[in-house]
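This document starts with one chain, in the form predicted alone, laid out as structure tokens.
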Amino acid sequence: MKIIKKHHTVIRWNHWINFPILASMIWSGMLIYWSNDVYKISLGNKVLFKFFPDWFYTTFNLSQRLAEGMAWHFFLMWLFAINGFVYVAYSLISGEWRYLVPHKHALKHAFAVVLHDLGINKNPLPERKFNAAQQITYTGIIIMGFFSLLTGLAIYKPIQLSWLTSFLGGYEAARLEHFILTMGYVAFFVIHISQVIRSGWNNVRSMITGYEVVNKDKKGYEYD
């Protein structure tokens, strides 16, 4: 066994700071969405699924708090943007992006990761800092964060930033895009946390301390 440096300090701080910020932004966004919760899945005139029925707002005390939600959301937006900028800038400057950006065979390898996680593929995966599925997912989250800022600004200042709102398809389109991105974060949280639990303490420890304990006999280890 040996101890490997896995995550840099800045990356770890960005990770742990971003989690409560993004969770709080989703919470405050729900306080805002309550005032005009129009999104649903319908077939003709029949509503198949409505996002967040009345009992949801009552249970989690999300109703009648529009002003509070807007105040929190616009404050947290700046923290989200600054933390994201630091993460991207550090990744570019330090060269960390090389481990994060998907390579040309990423989709094929990501499919192998999914089969392995489902127990269909029994072959061991190569030891890497991020596997192909993680590379695609984490890069996607960064892109989602960028578009969340754009769509958020477009619906926050649709007159002052009319060019941006128009570019995104108009106010209603930008609002829908912002909502879809938010639901994407919720799905990511569920999958990410379940995968963290599945991977065990060693993976969690590496994000806390920056180091991971590995089997020194394993091949293809692509860390710093």
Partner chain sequence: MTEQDDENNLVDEPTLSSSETINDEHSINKEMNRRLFVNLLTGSAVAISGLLSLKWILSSKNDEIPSLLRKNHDFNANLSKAYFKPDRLAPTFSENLIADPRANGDLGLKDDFAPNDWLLHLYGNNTHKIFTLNNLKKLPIIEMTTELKCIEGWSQIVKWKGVRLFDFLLKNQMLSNNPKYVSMETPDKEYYVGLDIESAIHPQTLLAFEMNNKPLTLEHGAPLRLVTPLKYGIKHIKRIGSITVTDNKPKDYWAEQGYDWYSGH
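Positions refer to the first chain, counted from 1. The model shown is predicted, which means the values in this text are computed figures rather than measured ones.
Another form, the form predicted together with its partner chain, is not on view; read the next lines as being about it.
Please state whether every one of the three residues 201, 205 and 208 places a non-hydrogen atom within 4.5 angstroms of its partner chain in the predicted complex.
So, yes: the whole triplet contacts its partner chain.
Would you please decide whether residue 55 lies within 4.5 angstroms of its partner chain in the predicted complex, comparing each non-hydrogen atom pair?
No, residue 55 stays farther than 4.5 Å from its partner chain in the predicted complex.
Interface membership of residue 178, its partner chain in the predicted complex, 4.5 Å heavy atom rule:
Residue 178 lies outside the contact set for its partner chain.
How about residue 184 - does it come within 4.5 Å of its partner chain in the predicted complex, if we only consider non-hydrogen atoms?
Residue 184: no contact with its partner chain in the predicted complex.
Decide whether residue 19 counts as a contact residue for its partner chain in the predicted complex under a heavy atom distance cut-off of 4.5 Å.
Close contact is absent here: in the predicted complex, residue 19 is far from its partner chain, nothing within 4.5 Å, heavy atoms only.
Answer option from 191, 159, 197, 43, heavy atom within 4.5 Å of its partner chain in the predicted complex:
When its partner chain is considered in the predicted complex, the option within 4.5 Å is 159.
Which one of these stretches, 81-89, 141-149, 108-116, 67-75, sits within 4.5 Å of its partner chain in the predicted complex when only heavy atoms are counted?
Of the options, only 67-75 has residues within 4.5 Å of the partner.
Could you run down 169-195 and flag each residue that has a heavy atom within 4.5 Å of its partner chain in the predicted complex?
Those in contact are 171, 172, 175.
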